[in-house]
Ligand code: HEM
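Below you will find one chain, with nothing else, as structure tokens; this is the form predicted on its own, and questions on how it binds or moves follow later.
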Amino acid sequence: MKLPPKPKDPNWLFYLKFEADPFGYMDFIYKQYGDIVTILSGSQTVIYISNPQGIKEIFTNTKEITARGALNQSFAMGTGKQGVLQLDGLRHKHRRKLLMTSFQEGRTQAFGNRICELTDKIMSQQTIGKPFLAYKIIEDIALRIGIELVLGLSEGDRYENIKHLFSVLMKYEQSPFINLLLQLPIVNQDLGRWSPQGFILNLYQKIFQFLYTEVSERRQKPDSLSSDTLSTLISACDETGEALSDEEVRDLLLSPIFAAQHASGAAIAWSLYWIHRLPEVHKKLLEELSTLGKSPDPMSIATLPYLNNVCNEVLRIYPTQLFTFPRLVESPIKFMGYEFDPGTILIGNIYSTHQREDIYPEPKQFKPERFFEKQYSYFEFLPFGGGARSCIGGAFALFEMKLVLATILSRYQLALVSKKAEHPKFGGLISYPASGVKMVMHGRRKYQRQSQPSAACF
């Protein structure tokens, strides 16, 4: 088997450097070894690819390269054993279709209005002149939107309970101190609820139990008019015509909520950073938003071209998902001048693909205009992955991103507290702003009405 080049660092040093500076180290690896690299993980051979033709091969060659659910078992703690990431074949296709239906329901006029109202409600609670962490605030907005879309809950004790559990889990998992502790073998074990790992597992157990109870109770009192994901799943049948079990419905709910909280929150926070760091981008966005008048509907906002390109550039320069989900070589194959035996793992490197100078000139520069100048293929611009394991909620995430940004920009005057560059941090699957994007609110925009949120976004 002829393999691509491998970094000279021993595995322990490789992962140490990656943890310390994932983006800088990936840039170094690309410069030193090119767009296809071998990484040995124990006895497992893993190939990382940042070449569009190579990525096309792993997305489209479904006969010799498969996207097995077994490759994603390491995520089962947070997605359940029957989550969509863990499924294969007809079950996987069927469940994806069900989930995509519910996300499509979220991209409507009514839910768009709700996104804008909720965004304004949370932002109006910020104290004028007092610095705040935009990532924390946006993450709260994104989590609320996700819970409402997936579970149909927007208020009450059950809503507050599940929101609290997800918020605590997120805070704990992103704590630098906790992450440092979990690097120690003795700490990275379940030693009871008062140990770091035990506390995390206990939170997951509470989330699983809450969702299971919610599924059971909702099934006893179904609402045929509800379009949330939970209602869609409990009224659906599987590929054999049988109703989905409560356990399977529970597991299918986890990934969409996590994605809403983590990925959407990070992407919108990055957007606020770039928009307020670059005055010309901010100015152009405000000018474009003003063309819709004071009360545009969400569907009009979603079609704004410059806003769309700003969102795309945010997802390009620091994609929230850095890698595609892994694929498995099933039979001997050759591509990009190399030979791969069965059992080899192939992973698309989204970040390094988005940083290629031959595709994106001056890739470190934030330039929304590049998306006016060229239409990129699915293998050149892939913020939501691709193929059978692409993000189910990608289109909804972009819709949400636009509405949240439009509401904030048109109603509030914000500024970055520091001129220092915000650096990315990688945790689990998600890239997020390391310092949280510290901002300050100077007030509401004078030309906006001060009344309660209406059916319009602003």
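Note that this is a predicted model, so its numbers are computed, not measured. One-based numbering along the sequence shown.
This next part talks about the form predicted together with protoporphyrin IX containing FE (HEM), which is not shown.
Residues within 4.5 angstroms of protoporphyrin IX containing FE (HEM) in the predicted bound form, judged by any non-hydrogen atom, belong to 82 to 90 and to none of the other stretches in 151 to 159, 209 to 217, 328 to 336, 82 to 90. Contact with protoporphyrin IX containing FE (HEM) in the predicted bound form, judged by any heavy atom within 4.5 Å, is made by just one of 163, 276, 96, 114: 96. Checking 397, 406, 47, 29 against protoporphyrin IX containing FE (HEM) in the predicted bound form, a heavy atom within 4.5 Å turns up for just one residue: 397.
At a distance threshold of 4.5 angstroms between non-hydrogen atoms, residue 392 is in contact with protoporphyrin IX containing FE (HEM) in the predicted bound form.
With a 4.5 Å cutoff on heavy atoms, residue 103 counts as touching protoporphyrin IX containing FE (HEM) in the predicted bound form. In the predicted bound form, protoporphyrin IX containing FE (HEM) sits within 4.5 Å of a heavy atom of residue 388.
Although the partner is absent here, residue 321 lies within 4.5 Å of protoporphyrin IX containing FE (HEM) in the predicted bound form, judged by heavy atoms. Scanning 257 to 288 for heavy atoms within 4.5 Å of protoporphyrin IX containing FE (HEM) in the predicted bound form gives 259, 260, 263, 264, 267 in sequence order.
Closer approach of the C-alpha atoms of residue 107 and residue 243, by 3 angstroms or more, is seen in the predicted bound form than in the present form. Between residue 404 and residue 107, the Cα distance is greater in the predicted bound form than in this structure, by no less than 3 angstroms.
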